[in-house]
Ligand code: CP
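First, one chain by itself: the form predicted on its own, in structure tokens.
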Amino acid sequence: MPAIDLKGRDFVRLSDFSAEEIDSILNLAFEMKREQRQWSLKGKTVILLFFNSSLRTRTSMEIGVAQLDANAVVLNVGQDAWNLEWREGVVMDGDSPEHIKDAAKVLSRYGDIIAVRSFPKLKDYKEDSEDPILSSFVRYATAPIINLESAVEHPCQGLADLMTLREVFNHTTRRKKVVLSWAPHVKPLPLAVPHSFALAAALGGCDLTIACPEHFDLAPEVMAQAEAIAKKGGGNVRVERDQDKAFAGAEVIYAKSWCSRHFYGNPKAEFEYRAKLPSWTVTEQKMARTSRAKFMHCLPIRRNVVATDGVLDDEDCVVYQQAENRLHAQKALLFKMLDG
């Protein structure tokens, strides 16, 4: 099999990469997790640009860059760096003194990779689905771009999730029964993580069930991508409205809350609808319906809202393993993008 060359590529969507390319990243990630030797990117600089706060993404990226002997420059937009304008042709007489068009070109001359984290505003679905901030960096930067979570996807989380699935199933994920279950939350959340997990499970050839109430389906274009990828890998994707039915015989439960596209931009209407739903909190009783499934979540998690303490503190919960794998998967990604 020829060597996989990812140098100079952007990492914006999981679906932009073939199964073979994802395999090459994760194979290196497993080697990095297992081995003690040093992989070096000495002299390289990774610029981490945060439009939103972060715990795991920031720490895992900063530590990963340091372990690769490279330099990390962290900028918090609105704190360490001023607000950036992204709209084209706008008269910039407001709060933003610099356009992404200019910032991206300058940062490309300083760093070897620009990694961007930008959440959606959750007001206008069409605008958010176009990922305006991330797309502007992709358009204007000459350095490769890494998506650290945007409105549409969180591909670094997806990499770590697929790595975790492979560990859970001893590297044989094909046709494994995996459930992505919608969960309650105190506020509407972006679709990025469930989108990327659906694609990750599809890349693993899993039999993926997406359990969610009516009006909480994932974006149709992401579903189409996941279905096509899963079919190619020997798996499938289906939607189930009954959480109990979805959990029966499952081998992995991935709980995550996400907002409704039907009520997008109208949280009051969404929560009025949610109030009429039966409880979707993952409990020990629901987990007992599974085939001793491993429990996954990207963190942070609202205990006793998304899942009970009993589920999270059980030995079959792998959320910390999942979080650790962010470090290894991202180190492998950086090395592949900068050294090959």
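These figures come from a predicted structure and were not determined experimentally. Residue numbers here begin at 1 and follow the sequence given.
Omitted here: the form predicted in complex with the ligand. The next part is about that form.
With the partner omitted here, the residue from L299, L277, I63, V305 that has a non-hydrogen atom within 4.5 angstroms of the ligand in the model of the complex is L299.
Not one of N147, S150 and H195 comes within 4.5 Å of the ligand in the model of the complex, counting any heavy atom. Of the heavy atoms in A288, none are within 4.5 Å of the ligand in the model of the complex. Contact annotation: Q157 falls within 4.5 Å of the ligand in the model of the complex, judged by heavy atom distances. Proximity of K44 to the ligand in the model of the complex: non-hydrogen atoms within 4.5 Å are absent; the residue sits far from the partner. Remark: K331 does not count among the residues lining the ligand in the model of the complex, judged by a heavy atom distance of 4.5 Å or less.
Considering the ligand in the model of the complex, the lone stretch of 308 to 316, 288 to 296, 54 to 62, 26 to 34 in range is 54 to 62 [heavy atom distance within 4.5 Å]. If you take 101 to 135 and check each residue for a heavy atom within 4.5 Å of the ligand in the model of the complex, you get just R117.
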